[in-house]
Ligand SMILES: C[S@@+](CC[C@H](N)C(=O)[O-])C[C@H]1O[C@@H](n2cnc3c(N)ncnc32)[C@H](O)[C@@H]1O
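Below you will find one chain, with nothing else, as structure tokens; this is the form predicted on its own, and questions on how it binds or moves follow later.
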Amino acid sequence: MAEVANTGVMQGWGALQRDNPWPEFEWGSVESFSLALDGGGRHLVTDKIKENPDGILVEIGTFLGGSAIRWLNASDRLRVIGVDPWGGNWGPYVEQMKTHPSFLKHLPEGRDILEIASAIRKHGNFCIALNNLRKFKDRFIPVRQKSPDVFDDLKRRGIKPDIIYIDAFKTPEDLDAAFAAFPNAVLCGDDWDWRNEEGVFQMRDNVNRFSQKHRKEVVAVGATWLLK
């Protein structure tokens, strides 16, 4: 029975790859970079990856691929589904990082933030993100959808993620939909220490309410949280 289940997952993976192709791009024409806005604690996720190195991780909110690169480097057998609309153009957003030291500390050594912003303005979010992930093309699928709708789509395809990492809008819907579709997946994410304009730890409050409702233990380090 396990073999049949694994066959179904692989068929679902192949169909998802087919339906979510990579963009046409002159790969390598722009130097890749890893801009991971890491607020600390991501070892919580990589430790889980190492416990199940052959698993599937779904990342909600892939941005420019920095965190996805970290997950893929944690195991050479892990497969990652990156979910992000990659809409608009993040060039101006990245450009304004030059005035924020807290953002600049994440910049790869020797890279200029204005050069990166210019590449995004020219080629768009999607192409630059995938260019950063190009060496993982066989293990990374870009899904240009919004959550939480994507969870039902993955379930219909027979894909069963082992880890779901949420780094998107700070709303409870992502948690609820992920758990409803995949109750056995490890739920984790970013923004534990992020405050909104009213000073509220919005994601932290969502996670704590969810953990109390479903009797799960929260582990948090830096910006990263994980539900046991």
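Source: prediction; values computed, not measured. Note that residue numbering begins at 1 and tracks the sequence as displayed.
This protein has a second form, the form predicted in complex with the named molecule, left out of what is shown; the following refers to that one.
- Under a 4.5 angstroms non-hydrogen atom cutoff, the named molecule in the predicted bound form lacks Trp192 among its neighbouring residues.
- Taking the partner from elsewhere, Leu187 is found to have every heavy atom lying beyond 4.5 Å of the named molecule in the predicted bound form.
- Interface residue remark: Leu37 is counted as part of the site for the named molecule in the predicted bound form, having a heavy atom within 4.5 Å.
- Of the heavy atoms in Ser75, none are within 4.5 Å of the named molecule in the predicted bound form.
- Of the candidate stretches 111 to 119, 154 to 162, 134 to 142, 82 to 90, only 82 to 90 contains residues with a heavy atom within 4.5 Å of the named molecule in the predicted bound form.
- Taking Ile60, Val45, Ile56, Leu175 one by one, only a single residue has any non-hydrogen atom within 4.5 Å of the named molecule in the predicted bound form, and it is Ile60.
- Shown without its partner, the chain has Gln145, Lys146, Ser147 in segment 122 to 152 as residues with a non-hydrogen atom within 4.5 angstroms of the named molecule in the predicted bound form.
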